[in-house]
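For reference, the chain that follows is the form predicted alone, supplied as structure tokens.
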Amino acid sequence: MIPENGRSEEEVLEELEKRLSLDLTFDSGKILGSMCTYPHPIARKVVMKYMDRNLGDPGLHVGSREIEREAIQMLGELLHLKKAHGNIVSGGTEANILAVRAFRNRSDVENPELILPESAHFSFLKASDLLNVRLVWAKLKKDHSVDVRDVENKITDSTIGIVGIAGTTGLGVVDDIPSLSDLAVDYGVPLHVDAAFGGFVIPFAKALGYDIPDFDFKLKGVQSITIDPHKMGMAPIPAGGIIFRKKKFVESISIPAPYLAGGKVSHPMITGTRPGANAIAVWALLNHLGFEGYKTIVGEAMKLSRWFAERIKSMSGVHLIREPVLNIVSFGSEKLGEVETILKTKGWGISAHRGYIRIVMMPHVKQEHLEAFLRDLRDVLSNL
């Protein structure tokens, strides 16, 4: 309960330090299974200085709203869209829900259905529950990408949209978005690309010469993209992004909030109050790092993932699930549950709930961390 008399600042901070010591931290090198990372130094400075800004009431924070618009436009241009519409939101979950909501609201379907890969993020389950949209699951091929033929076979008059993934959560697989785009155009349905992770990886990896399919607004069928700056963009949590090709999608999900200081303000997001500091941090990072800065960060992560994959392939007792596409490497073992349990007792932040252990080469993950992990993994395998 709330104490009757307040405690001193020193006492409160001391208790927090003690209790939060149970948390794993990114700078420990032990977090290997997360798609988030420690925010870039300039982002931390921005948040500290502008933490009072509320984009839920843009009439009070006109400059912050303009900064967000510019950040969205820069993200749009990164994704080959000249005029972008959207917002910095709480994360990939909110962004995906907003895309499904826009597709539903723009359709004229009594019993709406959304076709998506079996590899899709759990956020679409939330979207289905909230929006009363039936999910139609498309099969995966042996390479773990969606079976485009199966997607086509499942298109009906009730289909409000198709989803493709550019960087699946488990394996970092990029679906055949060009073929999905062709389907979307042929059948007159919008395509949403969940690039929550891949959006800040693929453009830079392609510039480095990695062979990855197109996934963005270059493709005519793509009408919306989820891209999360708080992943490889190194922005503070939470900072997701939803980008729409056309303004009509934003308008279809906008709710008026006339009591705000800005007067005729419309809210196209799920949240009302929104942290302006995080959107400002996204703008600051894009301007500070630039394309070349992000290309360097992604290049290091991609190189490290290939190095790690080769080490896994050389070990007995584990096997690579598939060659890495992005900066994610996943491996399995016949005794996966035991391996996971013992590695966690050694302090490693990993998960094997999908039937394999996933290692994400985020900016905080260094080769020395992976070498330490591999030593522990060898030790665990040799003792099973």
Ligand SMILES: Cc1ncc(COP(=O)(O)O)c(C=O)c1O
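Model, not experiment: these values are computed from the prediction. Counting begins at 1, following the sequence as shown.
The form predicted in complex with the ligand exists for this protein as well; it is not shown, and the discussion that follows is about that form.
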Contact check in the predicted complex: Asp176, Ser181 and Pro213 versus the ligand, with a cutoff of 4.5 Å between any heavy atoms. Do all three pass? no
Answer with one of Gly86, Gly92, Pro117, Gly233: the residue that has a non-hydrogen atom within 4.5 Å of the ligand in the predicted complex. Gly92
Contacting member of Ser145, Thr159, Thr169, Ser305, with respect to the ligand in the predicted complex [4.5 Å, heavy atom]: Thr169
At 4.5 Å between heavy atoms, is Ala196 in contact with the ligand in the predicted complex? yes
Could you tell me if Met35 has a non-hydrogen atom within 4.5 Å of the ligand in the predicted complex? yes
Contact label in the predicted complex: Ser224 to the ligand, heavy atom within 4.5 Å: no
Any non-hydrogen atom of Asn96 within 4.5 angstroms of the ligand in the predicted complex: yes
Testing 224-232, 295-303, 182-190, 280-288 against the ligand in the predicted complex with a 4.5 Å heavy atom criterion leaves exactly one stretch, namely 224-232
Could you list which residues of 98-135 come within 4.5 Å of the ligand in the predicted complex, counting heavy atoms only? His121, Ser123
